[in-house]
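Below you'll find only one chain, the form predicted alone, shown as structure tokens.
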């Protein structure tokens, strides 16, 4: 369900835009290792979304990036489940924000001083690398995994074993089972050597040490990883055998060191807020002299008992915070502006700059976000501009030095048509982004459309992953969605690393995907803001795709949970003859689904009820539980409110369970939920 269907106000529209943008940044950062914006920009968007959801709780959905830790495991390495989740950290960006964080801790712990001057913290440089979990069993390295989505990561054991600072055996009085967390990075000096050698060989260089570390760890050939001189510092224990761990974080770090696991030498035990602030300033001053890249300082409550009292929020511990460094800025000239088309059709202005060294790299491009931002800044071609770079890649123009404006500075004008496919460009009310209306026919959106189409929740084509789709598009084997079903073993086996057996398996998977459901097919088409729930409601109300294609705005708005914005997207999509042609071709090529029978009121006993799922379900997947509830007429929400009828609490249920108990909402265990479904035939 689209957020704007419950909230027609500007806050809901803004939340939708934030979620879309953050999800794109998460994909680039966690899966592709190709972040496209500075960390500061991502942090601002996340903080804005968090504040919106705090102010308007009914905007929170289970699909919001605030409800999860991070990204999905990348293709190429088998998935591996963490023994305990790998959580991320919340951020602060100013001294006052850190004081507010410390004050809240004091209040929760009921300390005698308002900002907890007597409270001990551990300060650690925030390494700019790649988080890793390593399991040692009986002192031997068993396996290693990246963070992934926090619960499941990528198995990179063979590559981690090549890192010189990672011990293959522990020493001393170690626990029989140890899950240790650390950060893999590449030293600045080793990074310079790596890029220098790449230049000599005529190869592409890495943008920065973090990308070099991430790319090196994900090499399919461990021998390549071994040559990259990766390093690691360990900073926490995920879990361990009972009776071995000390009662403070600092002591545990010393234990790790005694077992042969390296820790950062800059770590300090601190007392009270003032010492934390002084430590932040110290590390900030030393930042450029440190042999590795950092982007801030992490503060953790030292006492494990106090950590346990403070607990966790949805994605982060309450007892730790990352105090990020401010963005780095420089001044340069804006020479021209190009418009680029993103995977969602967003037409984004990109500033071309006179090259300037900022944030450790030479920058010649910067994002201008959208036309509203251009107008807000009153930026023009020829202006002297301030560029900020606080992350790994594309910086942003943050202001104009008006005093240096030249007489013939040119105003920036939006394009009337898509620069890629020449389709019309439109801007929706209350949104800042212009979009290409080409949809499935715009080549700039083609790659992501196909990735979405083949994904598990859509057509579920096993083996047709991101990289393979990109390769097929580059090799011009596929141009449109329908071309997927024209692939043959002969065509696929000509691709690099695709033997005949792999090609045969892929073609078999494509053939199997032809049997689907109408709601999955609708979701796979990638119609804007038509998620799983909206697709389900569309399918089961209209019953066939021809009816959907011919529906008016008024008819669509009459369907449960579909508002005017989503209805407009659906009408616009099916009004495009090229989209209809692709749908027709897919059906002619064998994509089909069973007929849907109109359900009676007796068959949907949960109509008008709101259910919430939380925790881990062991007897069925979360999505299966959600679909079964939808089939019974229920609305499945991602947040608990006074309107919630039932909460299903799986293992490790957290704040949602607590809130439901406070509100007196009916709570089912998983066993009770399964028994309920069996009883009503769901």
Ligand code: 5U1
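All values derive from a computational prediction rather than experimental measurement. Positions refer to the first chain, counted from 1.
Keep in mind that the form predicted in complex with the named molecule is not shown, yet the notes after this line are about it.
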- Position in contact with the named molecule when the complex is considered in the predicted complex, options 209, 439, 125, 349, heavy atoms within 4.5 Å: 125
- Query: Of the options 88, 455, 268, 399, which one has a non-hydrogen atom that comes within 4.5 Å of the named molecule in the predicted complex?
  - Reply: 88
- Please check if residue 573 has a heavy atom lying within 4.5 Å of any heavy atom of the named molecule in the predicted complex. no
- Check whether residue 298 has any heavy atom within 4.5 Å of a heavy atom of the named molecule in the predicted complex, and answer yes or no. yes
- Non-hydrogen atom contact residue 236 with the named molecule in the predicted complex at 4.5 angstroms: yes
- Query: For residue 319, is any heavy atom within 4.5 Å of the named molecule in the predicted complex, or not?
  - Reply: yes
- Task: Would you point out which of 88-96, 535-543, 402-410, 224-232 contains residues with a non-hydrogen atom within 4.5 Å of the named molecule in the predicted complex?
- Result: 88-96
- Residues in 139-171 with any heavy atom within 4.5 Å of the named molecule in the predicted complex: 147
